[in-house]
Each structure stands twice: as structure tokens, then as C-alpha cells.
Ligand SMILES: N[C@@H](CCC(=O)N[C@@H](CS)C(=O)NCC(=O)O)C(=O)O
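Form predicted alone, single chain, as C-alpha cells, below.
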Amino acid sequence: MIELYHNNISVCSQRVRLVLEEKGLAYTSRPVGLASGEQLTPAFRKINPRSLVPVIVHDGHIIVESMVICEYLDEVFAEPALKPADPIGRATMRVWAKLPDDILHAACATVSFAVAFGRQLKEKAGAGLEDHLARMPDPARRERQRLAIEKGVETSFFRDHIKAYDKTLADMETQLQKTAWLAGDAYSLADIAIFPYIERLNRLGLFGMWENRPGVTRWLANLKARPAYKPAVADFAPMDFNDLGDPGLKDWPRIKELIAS
């Protein structure tokens, strides 16, 4: 039995749901409301003291960290395999899978809050915004969110993070001009690791970042055409994205300036 503690639009939750769907694995869904602070409650912190989703409980064993979960599922449920068969392919896969931990996850949080989520959270929380921020256990993350909410794309670190995204897309384009997928000619955990972060840009209306990158455009279309995409990602997105529209479009001229600077 697999229980999945996850959030509908969490990029890390999307990764795990993609693996579950690719492998055809049934699971019991345990939604965690991040906007309401459910991940900060004592009940959830007994499951994961770091207050992060996703978490799976498999046959009584608690497993945390999205890529650790993805690799675990690929080892325990071998078919269809989501790792390249050759050592070079697996090494390439792990380089891509490591990228979010190095920079892309922080960049995604900055861009999301600066462009859209900050406004949404401020409207929902109202006078309770400070209380919401104060409950965040990581003070550095709390301060980044506060600044992104207050200053939007003019936040001091937004430029570095949007440029990190642009470099990622440039590196993807280079690879995808040579191979169909990020770790070679077979779909793998490399694609699952990166896809939610690019899909987030798409949802925010920042699709202009790959308008001159045909390899990325093709890769994104191919991934969204896979049967796993709808139940793992698309079916969850409308709950929080349906009132966002394309918020990044209004900031796109300024964002292009920041990328070019």
C-alpha cells in the first residue's frame, strides 16, 4: 500500500505523481494544504519534521525527498524502467535530477512568488500574512518569500534566479538538439525531475522563455502528450491556477530586460 502526502501544485509532488502514473501504481491520496499551513501542523511534522511535501508511506516505511522517492519507486517497481540502461545515461540523468537542489527549486519559488503567488497569498491571508510567514520553520526561506511578495520582480535576487532558469533552458536546448530526452533517447527520471519546473513557467505565462528554443518546445509537447501528464499534473492544476490567468505576461518586458542584463 502506498500513501502519498502531497500538494496539488507542488512541483516536487508533481514529480512523484508522474512516477506513480508512469508505473500504473495505485496510491491513497493525502492532500496537504500548503497555503493554509497544514504542513506546519504537529500532525504533519510527525510524518516529516522538515514540513515538506511530498512524503510517501509504503508498507509502513516513511520516505521523504521527491527524487529519493522517485528512485525508490523505480527500484521497488521495476517496470517500466525510468532509469537509462547504461551507466553514462544514468550519470547524465542524475546530473539533471540534481539541478533543482542546486538552484532551480529556489529559482522556481522566487519566480512563482514574485510573479503570482505572492499576490495570491497576500489576498487570501490578509492581516494574517505575518502569522503565516512566522510559522515557516526556515528563516531564510521565510525572508525570501517576504521580499518576493513585497517587491515582485524587482526583488534583489529575482534577476539571478530568472537567469538561472534561462541558463537551464539553454542547456536543455543544447541537449535536446542531440537527443529526444534529457538523458538520451529514452524518457527517464531526468525529464520527470525537470518538467514541473518548466511547466511552472508555462503556467505563469512565461512561455516566451523558450519561443526560440525548438528542442525545449518539442520536449515539452511530447511530455504533455504522455498519458501520465493529465492525472499527475493537469488534473490537479485548476484548483489553484484557474484564477491566475497569465500573470507573467504583464512582467514579461521587464523580465526580458533582467535576463539580458
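For every residue, the number given is its place in the sequence shown, counted from 1. Predicted model only: the values in this text are computed from it and were never measured.
One more form of this protein exists, namely the form predicted together with the named molecule; it is left out here, but the text below deals with it.
Applying a 4.5 Å heavy atom distance criterion, does Arg15 contact the named molecule in the predicted bound form? Arg15: yes, in contact with the named molecule in the predicted bound form.
How about Val19 - does it come within 4.5 Å of the named molecule in the predicted bound form, if we only consider non-hydrogen atoms? Val19 lies outside the contact set for the named molecule.
Lys151, heavy atom within 4.5 angstroms of the named molecule in the predicted bound form: Judged by the heavy-atom cut-off of 4.5 Å, Lys151 is well away from the named molecule in the predicted bound form.
Can you check whether Asp101 is within 4.5 Å of the named molecule in the predicted bound form, heavy atom basis? Although the named molecule is absent here, Asp101 would touch it in the predicted bound form, with heavy atoms inside 4.5 Å.
The named molecule in the predicted bound form: within 4.5 Å of a heavy atom of each of Gly205, Asp246 and Arg254? Checking in the predicted bound form: none of Gly205, Asp246 and Arg254 is within 4.5 Å of the named molecule.
Partner-contacting position among Arg94, Lys163, Arg119, Arg141 - heavy atom within 4.5 Å of the named molecule in the predicted bound form: Going through each option in turn, the one that passes is Arg141.
Only one of Val216, Met209, Val53, Cys70 has a non-hydrogen atom within 4.5 angstroms of the named molecule in the predicted bound form; which is it? Selected option: Val53.
Looking at the named molecule in the predicted bound form, which residues in 1 to 37 have at least one heavy atom within 4.5 Å of it? Heavy-atom contacts within 4.5 Å come from Ser10, Val11, Cys12, Arg15, Leu34.
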